[in-house]
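One chain is shown next in structure tokens, namely the form predicted alone.
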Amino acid sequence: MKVKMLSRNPDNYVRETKLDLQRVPRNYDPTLHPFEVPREYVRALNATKLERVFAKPFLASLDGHRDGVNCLAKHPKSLATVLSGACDGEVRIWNLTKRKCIRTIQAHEGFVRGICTRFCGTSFFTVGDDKTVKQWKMDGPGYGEEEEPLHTILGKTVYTGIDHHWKEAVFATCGQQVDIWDEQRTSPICSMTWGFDSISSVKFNPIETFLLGSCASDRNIVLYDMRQATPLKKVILDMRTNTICWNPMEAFIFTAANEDYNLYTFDMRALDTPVMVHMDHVSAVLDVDYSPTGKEFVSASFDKSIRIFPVDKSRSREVYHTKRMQHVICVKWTSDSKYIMCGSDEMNIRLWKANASEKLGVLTSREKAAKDYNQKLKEKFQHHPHIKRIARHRHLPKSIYSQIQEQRIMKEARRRKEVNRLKHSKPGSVSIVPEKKKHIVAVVK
């Protein structure tokens, strides 16, 4: 004869110590929880509101430069070390944990136009208005030693930018042409040019390390392959591109910061149409840098703000500004993907959080679980109008806000004009140009 018995294991509901949390048995049958969705919605709404309450992205301001900050560089091996070059020829090395300048070098006469670190982190290179390329040791001089560069190359023209190869002892400079240099030689290995205007920036691809891209003041973005001595192809846009940045996770993708207030993400295999047009700035975009994850990038603009864009979205998810910050000239995303640095006209380098409401420091396991749960709730209800409105709302300075309204009116007028032209012309005589193709003039191979 079978006897049915109720058995309860005390391990399932009895605490081991007084400090443990009470274990609560839970039945996940949805019929027993008819108000689960309304309850989750309220939690998602509260999580979204709290995220905006705790959004305090500004961390620190590094001051010490006596002129506008013109360029920034990250140390490849040390998260705490940052290099900056100013418009008076001064280069400073900063320690981010102490938030102090640890070394100052008077590197050039006139502007420091570009700065980059060697891939091993032992030295760095600077170019300036005095037509020189200088290599410096990363460590300061010993006791009693003079602050001298390791090597100095005197060029024929002013160099406007520099970038180092990611794996080899090779670097590239740009000015009237793109020069590829070996570190041991005083003359370039090869010089590449296409067109006659000055080139403003040059960048090596971090994955396909032989590829490099440059942008010139005749509105071109030119791609080169170091293994052959001629350029690959170029795309001509409506207005000038200030700089480009390669995606560190996808070999063929790069983003260009343009004078027409937009950023364009291109796939180098199909340059005739950008993958995405990123629109939110209200003045020329001066610099762009990718997050190490390759999912987002940060842009610096002449409109005194920096914006963070997801790669696949045309609108920014975040905008940072302060009352004191003037035109932002350079921006960098740190290698741990947590912080953003920007250098601006009024001689300051500012440090920001990449996620405005993120809690810094060590999180307990319960804090992590709550954070992940809130994140999932926000994702689940992100398209609900009330939550969407709270999550999207940002306070903007009056100048930016009024310019956005003005541009919206202008855009609507252009759209209305196109619709009217289409309506009153012979069918097929007026072609509709999509937004992505409007700004591309030509692709030359």
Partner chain sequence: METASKPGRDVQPKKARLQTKKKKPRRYWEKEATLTAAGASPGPPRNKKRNRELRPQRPKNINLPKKSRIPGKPQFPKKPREQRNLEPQRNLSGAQDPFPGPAPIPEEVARKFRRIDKSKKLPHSKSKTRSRLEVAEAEEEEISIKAARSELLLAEEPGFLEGEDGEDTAKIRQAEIVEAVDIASAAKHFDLNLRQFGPYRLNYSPVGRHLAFGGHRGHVATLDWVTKRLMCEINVMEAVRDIRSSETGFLTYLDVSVGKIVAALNARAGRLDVMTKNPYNAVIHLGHSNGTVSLWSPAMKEPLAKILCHRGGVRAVAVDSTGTYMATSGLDHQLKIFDLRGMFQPLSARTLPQGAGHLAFSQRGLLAAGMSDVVNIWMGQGMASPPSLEQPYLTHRLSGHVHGLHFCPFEDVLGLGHSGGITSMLVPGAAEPNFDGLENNPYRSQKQRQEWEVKALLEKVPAELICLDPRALAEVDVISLEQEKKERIERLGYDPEAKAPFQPKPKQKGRSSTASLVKRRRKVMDKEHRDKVRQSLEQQPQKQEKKAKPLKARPSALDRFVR
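Positions refer to the first chain, counted from 1. In this text the structure is predicted, and so the values were computed from the model without any measurement. Here, rigid core means the biggest group of C-alpha atoms that superpose within 1.5 Å across both forms.
The following text describes the form predicted in complex with the partner chain, which does not appear among the structures shown.
- Within 4.5 Å of the partner chain in the predicted bound form, a heavy atom is found for none of Cys101, Gln106 and Cys120.
- Judged by heavy atoms within 4.5 Å of the partner chain in the predicted bound form, the contact stretch among the candidates 392-400, 25-33, 65-73, 51-59 is 25-33.
- The single contact residue among Ser314, Ser337, Thr193, Thr209, judged by any heavy atom lying within 4.5 Å of the partner chain in the predicted bound form, is Thr209.
- In the predicted bound form, at least one heavy atom of Val14 sits within 4.5 Å of a heavy atom of the partner chain.
- Contact annotation for Lys445: none of its heavy atoms lies within 4.5 Å of the partner chain in the predicted bound form.
- For the chain shown alone, Lys378 is not a contact residue for the partner chain in the predicted bound form, no non-hydrogen atom being within 4.5 angstroms.
- When the partner chain is considered in the predicted bound form, Asn46 lines it closely, a heavy atom lying within 4.5 Å.
- With contact defined as any non-hydrogen atom lying within 4.5 angstroms of the partner chain in the predicted bound form, the stretch 176-195 contains no contacting residue.
- The Cα position of Arg23 differs by 2 Å or more between this form and the one not shown after fitting on the rigid core.
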